[in-house]
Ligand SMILES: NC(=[NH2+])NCCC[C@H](N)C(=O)O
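Okay, here we've got a single chain as structure tokens, the form predicted alone, with questions on binding and movement later.
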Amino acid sequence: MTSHPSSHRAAGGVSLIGVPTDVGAGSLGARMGPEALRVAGIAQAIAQFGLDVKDCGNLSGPANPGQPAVNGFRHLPEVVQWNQTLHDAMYAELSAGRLPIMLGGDHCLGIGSISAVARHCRDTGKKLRVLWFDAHADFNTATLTPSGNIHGMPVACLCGHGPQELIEIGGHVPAIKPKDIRQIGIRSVDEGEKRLVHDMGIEVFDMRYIDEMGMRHAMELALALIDSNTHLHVSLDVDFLDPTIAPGVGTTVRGGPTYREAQLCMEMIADTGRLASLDVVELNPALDERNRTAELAVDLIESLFGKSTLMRKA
């Protein structure tokens, strides 16, 4: 295996931030995700590229109260608290010139993470591109949601559709514009959500598109127009992957990308040299088999940081 260190922007070092909560999810267990990723060797996998890896440990926040939804939201006060704490931690690492990796936790944490990245981009005058790898569009609102679980709402909240205390976390509403985000691997969207995603004009490369056009074409479009002034953020929900290779998630959806398709996504991102922050979310070790989903996630992250089979010609 060989790597090309020029393929990422982590010269200032990489910071791991564990966020052990499943407060936004329907099933318990994602709170154990950060530890599973550590056990699978995430720090060592990144350090092999000669990068300084700092494990910031786990953030702390309220326990999961296990309550039903109130006005369309489950656990809103707890979700707000976790996301505010995460926003502050991510923003501090970005401000220090480091590449933060958020180890989730469920995907409601994308609100705190990406609002911090968006704030950093406003500070530095950078363009933002978010690649959202997920089986779900995560664009539910209180009126649309079947469950009230906020891990189904982060993209809506980031685009300004959500409770005031969540949409304001980064200090700017909306935190991101719909044109900043590309969704890849989508194959489960609730009825009301379909209309909203369409109306907002979010660019979605769903599984049918990937089946018809190929993953390479989808990724070329998702990465189009990225330049040296672009901050590239990857939000990787492990349910993006087909459950036959990644069983350790609470919301499996059949028909996801294969191992090779997922690797290609990561390799093409590495080739841009623009990766500047990362979320790894929805890993649920309670549903996994011998930590294989965490090990697969770490394998993909290695590719994201530039692992390749052969020396590539520049």
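Numbers for residues come from their place in the sequence shown, where the first is 1. From a predicted model like this one, the values you see are computed outputs, not experimental measurements.
One more form of this protein, predicted together with this ligand, exists but is not displayed; see below.
Interface residue among P77, G97, P146, G201 relative to this ligand in the model of the complex, by the heavy atom within 4.5 Å criterion: P146. This ligand is not drawn, but in the model of the complex it has no heavy atom within 4.5 Å of S235. Residue contact with this ligand in the model of the complex: H136 places a heavy atom within 4.5 Å of it. Interface residue remark: D279 is not counted as part of the site for this ligand in the model of the complex, having no heavy atom within 4.5 Å. In the model of the complex, this ligand sits beyond 4.5 Å of every heavy atom of E168. Partner proximity in the model of the complex, defined as non-hydrogen atoms within 4.5 angstroms of this ligand, places exactly one of 121-129, 212-220, 87-95, 146-154 at the interface: 146-154.
In sequence order, D237, D239, T251 are the residues of 221-255 having a heavy atom within 4.5 Å of this ligand in the model of the complex; the partner itself is omitted from this view.
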